[in-house]
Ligand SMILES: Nc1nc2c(ncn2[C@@H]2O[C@H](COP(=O)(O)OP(=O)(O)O[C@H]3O[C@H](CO)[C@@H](O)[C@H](O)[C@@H]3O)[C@@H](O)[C@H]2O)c(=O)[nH]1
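Below you will find one chain, with nothing else, as structure tokens; this is the form predicted alone, and questions on how it binds or moves follow later.
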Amino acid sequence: MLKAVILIGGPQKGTRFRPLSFEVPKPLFPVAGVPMIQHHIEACAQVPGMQEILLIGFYQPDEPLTRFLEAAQQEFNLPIRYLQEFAPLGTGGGLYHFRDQILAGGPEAFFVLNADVCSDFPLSTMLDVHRHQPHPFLLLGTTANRTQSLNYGCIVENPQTHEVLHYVEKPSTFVSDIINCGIYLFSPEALKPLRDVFQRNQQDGQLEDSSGLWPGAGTIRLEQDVFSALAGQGQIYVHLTDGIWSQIKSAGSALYASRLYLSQYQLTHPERLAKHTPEGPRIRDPDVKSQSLPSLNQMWFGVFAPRSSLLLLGNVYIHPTAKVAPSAVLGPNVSIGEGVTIGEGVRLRESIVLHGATLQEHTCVLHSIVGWGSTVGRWARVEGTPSDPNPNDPRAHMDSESLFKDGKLLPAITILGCRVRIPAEVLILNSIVLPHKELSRSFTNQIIL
């Protein structure tokens, strides 16, 4: 039997994800139409022999998280439980603290996945590698260019055996172009080195705290305390993937991850992509300049068309409850959430529109995230600047975004927080608008508090 553990962190993490993480825990933020960690759970549920999925973090088990877990258990017919840490314990501390829960039932191995990564999750392939040559630790790795590799955990491998000979977390100089994906397969023996780190932390803490109750003993960093220490001892191996992978640290990276997942839906979930139907939208290849229009008065998501049908360019997800005017033009890479209203003549591209938002007639939204319940007025334009990886470098990844440089706000995607109201005929460019703001004019390159 197998198990999976998803490390979801807590509210003290994910600060770069604000203001979006004010409304929902970051792991539940919708990426390509479904909560971020649902992609992880779907991948785990497809592995033969998977018996249980555990979420470990220090979020309070509030209503959104509880509701998500109940729905996921029903959908995937698997036990999915949340184990709450008493304090932030690092990437390895939660694994050791809940070791009895993880090892209950005697799993042959268990996956460990960071919640803030986007991937095609080649878990079955990793399991095959592990069964062919069992070792305590198997890491999933990918390649990065020399400059960007400094932002990740770097792996030096034996090219013949794929043993990890050296591991450095975010080195100051170039070490290797192989980076850690934050996706692992551990055997039960992998918990022994975590125990050693815990006991060492206890001893170090007792030297500083005569009470013997040093609170930091349970904090274990997998990368620095385990991988770096055990590299070159025949215990850690790496499996390289050439599939999709990206971190999701900021809103801009969530938009990029949405694009990657929408493209994956062509193979994994074609039913989630909006399609042409006789009663619904007309899908046009973006490279084709003109095509004949269908007949008038067609209906799409309950809305009658005054003229042509909805135009979709590329991959688009539309929640079944959304109301989209057929004269809107959507795509590529658009995700429209539950209860959203899209008015006549709207242009929507490379964006996420969240639950209950309204885009009034003839608005233009590009490279942006429109928050829950927000409204964009008629003929308004909301636009951001994408920070995508270099398309000419196949090993490029999303850069760790910094909001400021030399005291100035850098151009980035535009984010409208929850229940923001944008008036008609204004421009919001490269800006972040915090929740519950009602604007009265245009803004460019600003954070509106």
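Note that this is a predicted model, so its numbers are computed, not measured. Start at 1 with the first residue shown and count on from there.
Omitted from view is the form predicted together with this ligand, to which the following refers.
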Work out which of 413, 420, 56, 32 lies within 4.5 Å of this ligand in the predicted complex, going by heavy atoms.
56
Listed residue that, although this ligand is not shown, lies within 4.5 Å of it in the predicted complex (heavy atoms), from 114, 358, 333, 327:
114
Looking at this ligand in the predicted complex, is some heavy atom of each of 9, 169 and 249 within 4.5 Å of it?
yes
Hey, of 150-158, 368-376, 194-202, 130-138, which bit sits against this ligand in the predicted complex at 4.5 Å between non-hydrogen atoms?
150-158
Can you tell me whether residue 89 touches this ligand? I mean in the predicted complex, with a 4.5 angstroms heavy atom cut-off.
yes
Quick check on residue 177: any heavy atom within 4.5 Å of this ligand in the predicted complex?
no
Could you tell me if residue 85 has a non-hydrogen atom within 4.5 Å of this ligand in the predicted complex?
yes
Residue 122: heavy atom within 4.5 Å of this ligand in the predicted complex?
no
